[in-house]
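Read the single chain below, which is given as structure tokens and is the form predicted alone.
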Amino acid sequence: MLHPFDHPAVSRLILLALEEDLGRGDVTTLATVPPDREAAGRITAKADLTVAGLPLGERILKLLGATAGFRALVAEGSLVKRGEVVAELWGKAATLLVVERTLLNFLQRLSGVATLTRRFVDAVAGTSCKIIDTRKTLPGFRLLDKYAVTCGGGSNHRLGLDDGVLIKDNHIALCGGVGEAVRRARRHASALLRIEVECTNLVEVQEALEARADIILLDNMTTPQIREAVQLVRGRALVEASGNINIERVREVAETGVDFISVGALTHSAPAADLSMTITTRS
């Protein structure tokens, strides 16, 4: 299976990021730094975090066409402490200055997603529930955002609309009900795709069961409602809880017996991790 970092979409994203930052050239560096000056860079965590995206350092340098070195000092998904150096770079000073912001933007984004995911995963530790992501990703970052979720110990839901059947409220409204939507999906979708349907109450859960849904998504239910729904399902389908589930509430939802909790905030609201790069003259 193709690693996200090797996917053409990620290469295009990196090239776009370099293009928008570099433009016609780094006028500040051209004006102030001798072209033959050698330098070394260190990327440091400015807060406790879960690191993700370090292999992109080599990828970015390669796509820039730069002859510079990059070495990760910690493994992907590692928990690092404030002040810990996570990577080193070396080469022409001008190259390191050009790559600095683009590399940090990727690392801060992905490490932020991984760090938030780790908080949710730790919060449900000891239960059988998995924390999963959604399609609420930064446009263009789908592969990288979902990769970062796995670095934080989470799991991936659908990568895209072609990756599974998920019948939501608008589908249900357009075809006349939960049961009818599941039956239509069962007739027309590939047998290799699991059929998941969103339910907002116990009546809809029963309809989904009767129509033989593979996964039932409990949308914006209270914790007692979720517990009752799990008891109704009794293992006849997998159960996912979603909607209005924050870090304070996630443990109690996991303890209801749901199989999955999907959290859109992992990718749409993760704060950027605090990392910085320091560049010094290399002797």
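So that there is no doubt, residue numbering starts at 1 and follows the sequence shown. In this text the structure is predicted, and so the values were computed from the model without any measurement.
The same protein also has a form predicted in complex with a further copy of the same chain, omitted here; what follows describes it.
- Residue heavy atoms within 4.5 Å of a further copy of the same chain in the model of the complex occur in exactly one stretch of 89 to 97, 70 to 78, 200 to 208, 116 to 124, and that stretch is 89 to 97.
- A single residue from the set 250, 237, 33, 226 has any heavy atom within 4.5 angstroms of a further copy of the same chain in the model of the complex; that residue is 33.
- Residue 129 falls outside the set of residues with a heavy atom inside 4.5 Å of a further copy of the same chain in the model of the complex.
- By the criterion of a heavy atom within 4.5 Å, residue 193 is counted among the residues contacting a further copy of the same chain in the model of the complex.
- Using a 4.5 Å cutoff between non-hydrogen atoms, residue 147 does not count as a contact of a further copy of the same chain in the model of the complex.
- Among heavy atoms of residue 26, some come within 4.5 Å of a further copy of the same chain in the model of the complex.
- Shown without its partner, the chain has 135, 136, 137, 138, 139, 140, 141, 142, 143 in segment 118 to 154 as residues with a non-hydrogen atom within 4.5 angstroms of a further copy of the same chain in the model of the complex.
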